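Have a look below at one chain only, the form predicted on its own, in structure tokens format.
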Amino acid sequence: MHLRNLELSNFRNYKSLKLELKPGLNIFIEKNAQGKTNLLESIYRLSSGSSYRTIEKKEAISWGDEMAIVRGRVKKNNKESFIEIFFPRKGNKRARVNGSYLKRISDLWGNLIVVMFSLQDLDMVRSSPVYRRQFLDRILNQINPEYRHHFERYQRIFNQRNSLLKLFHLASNRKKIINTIDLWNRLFVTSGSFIIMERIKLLEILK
């Protein structure tokens, strides 16, 4: 897999940038605070739609501009794809692959596979287990579409189940809610078990 070029518009400190990337090793050397980390972040965003640095979308947009755009051309298995992500200051971010809009940002996973090393990775060993789970999830979401399906379904079930539990104490017909929760529990266990087993398999590979 090869990211052939990168194009940024109003992304952080880059008003406009067009960059050609060669196969193999590309090294960027510059003084501090010139945008090296921003460059790496833009590539990570092409892969996942999100940032490893912040959850705030507006931080990606240059000061005074209304939208940031990240584009890149990827060569994979002798096929090329053109990825675009739009970050409007108002509204939701959108992504396109080869000119077609994706239904969800998470559908970007797998189009460009990246391995990111940063200072935040130290949280895996010095912070809570959630960081270690997130590390495994980032890998599996990129390389395993079935995992991505169960991971997204697990999040939806988790939210729906919690909403029902909050309604339980207020409902007049609790039996109906109990039966509904039982259904969600079965789905919860199915996807949750799949996620656990895939994480265990990945840990065996990493060991």
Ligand SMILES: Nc1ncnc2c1ncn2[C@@H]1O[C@H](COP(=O)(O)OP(=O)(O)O)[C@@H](O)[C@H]1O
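If you're wondering where the values come from, they're calculated on a predicted model, not measured in any experiment. Residue numbers here begin at 1 and follow the sequence given.
Omitted here: the form predicted together with this ligand. The next part is about that form.
- For the options Q155, S50, T180, Q34, the one in contact with this ligand in the model of the complex, meaning a heavy atom within 4.5 Å, is Q34.
- Considering this ligand in the model of the complex, the lone stretch of 157-165, 139-147, 42-50, 61-69 in range is 61-69 [heavy atom distance within 4.5 Å].
- By the criterion of a heavy atom within 4.5 Å, R12 is counted among the residues contacting this ligand in the model of the complex.
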